[in-house]
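Coming up is one lone chain in structure tokens, specifically the form predicted on its own.
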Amino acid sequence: MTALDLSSPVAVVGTGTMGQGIAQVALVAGHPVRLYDAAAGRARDAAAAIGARLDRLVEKGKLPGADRDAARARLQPVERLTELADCGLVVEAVLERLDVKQELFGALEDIVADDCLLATNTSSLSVTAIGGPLRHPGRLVGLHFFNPAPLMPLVEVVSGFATDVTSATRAYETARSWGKTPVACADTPGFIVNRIARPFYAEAFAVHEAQAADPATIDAILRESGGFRMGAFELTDLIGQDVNESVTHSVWQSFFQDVRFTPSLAQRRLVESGRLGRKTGHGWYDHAEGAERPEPHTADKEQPPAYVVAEGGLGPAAELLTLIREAGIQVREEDEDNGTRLVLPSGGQLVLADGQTGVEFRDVVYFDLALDYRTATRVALSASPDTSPRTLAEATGLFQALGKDVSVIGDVPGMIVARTVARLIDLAHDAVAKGVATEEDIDTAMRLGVNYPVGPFEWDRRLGREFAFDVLDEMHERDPSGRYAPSLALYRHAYAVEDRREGTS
């Protein structure tokens, strides 16, 4: 099945921000585009707004003037649904209500030809439920664009329970012909991105609720150590706290209140207070003009240790040994099975975050996971009340000698980056095991849809197959609510495959 022919008109129903963006994408790709909105005059206004954006593209040298003129000639606002009768594809971007969408598609089914592809841009509703009342639900597919649609490359192509393979394939190829990167996805709550991304927000909020660190520090660690483009607090302020919480709540409810997707009480209070982020001038941060952005906690300068003793190869943090030597600090190595610790001159230990807490051990400092310890500009440390000041000072000085800012946070299991990445990996494996999407499509979706530095499976390959499971297993022991219980898919990935390779049962 090939993409929709360029001569075939594309209709967009609903002319808000997303509707206008989708229409612009189809228009620039070369299709005639019809705009319809139930509110009188809005389709004409949307056509004018799209035309203005095309003008700006010409001014910036991103679109030839002749192409702009041709696109404008292909754009037609209409006042009646019946004017969409000859369209080969209708994409709806109307109110996110099941009854509204069902009623719309029911009306369209009586107007368009039998071979017209129907698509919903829903981000939170079930494609299966939207198409349920249709006489021919096989031609309904999800085409979930990301905002702003003309700029964001990702499109989730969602197959409902009744969607025909030919419909999904045509939608996929059409999105690709429009210059987008489509990923195929089953009809599951949150699809790919909004399902798997939940821990990125949830774990940051949980660390904050545990009084282990403030938003500015957590955001800085996620950016400067985890490699994420934005931290969870600044990103939700940009998205809108009400919008982000609504998606979280929808996914949680759709999974029958699965504890892994439980919304944040702190975010709920923020929404109740009307502090919705940038659009209201205040969210986690004050966005009023002239307001000062809070600085992350950064430790004072400390002297580095003269040497460290490396017990084992430090696993995912092995690069640190090279960096320590390059900084002129002696590394004494001792062979230890599964060693992931450094022993400092004080006798205290510096341990990679593993899901345990400092109160369980004498004189230990945990350090957080980094995407790349060489390029990371900040590292988080955590210490318990039993950690000696000298050990914490030596640990701080060590990372400062490597050119890193150091943020000391409270003694929470899994710290910040490690627990977040472990949960992202777990949900990704669970999604593949349940037929939601392929590993490749999940990594693509998370990189392009939410700008993650790498996808969860790439993280997994870098860390080693047991890392995420071990972190979550330790966290589950300390919080047996089920929130951190590793999925069966992650367990099989971490251990069962290895066992078969070794010929054991």
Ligand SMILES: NC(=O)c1ccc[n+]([C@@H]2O[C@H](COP(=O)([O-])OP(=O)(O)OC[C@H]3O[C@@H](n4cnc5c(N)ncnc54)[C@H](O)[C@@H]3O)[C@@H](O)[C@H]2O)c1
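Computed from a predicted structure; not experimentally measured. Start at 1 with the first residue shown and count on from there.
Another form exists, predicted in complex with the ligand; not displayed. Remarks below refer to it.
Here the marked residues 14, 100 and 145 all reach the ligand in the predicted complex, each with a heavy atom within 4.5 angstroms.
Note on contacts: among 94, 84, 116, 134, the single residue with a heavy atom within 4.5 Å of the ligand in the predicted complex is 94. Only one of 123, 169, 349, 250 lies close to the ligand in the predicted complex, with a heavy atom inside 4.5 Å, and it is 123.
Comparing 53-61, 36-44, 465-473, 452-460 against the ligand in the predicted complex, the single stretch with non-hydrogen atoms within 4.5 angstroms of it is 36-44.
Although the partner is absent here, residue 19 is a contact residue: one of its heavy atoms lies within 4.5 angstroms of the ligand in the predicted complex.
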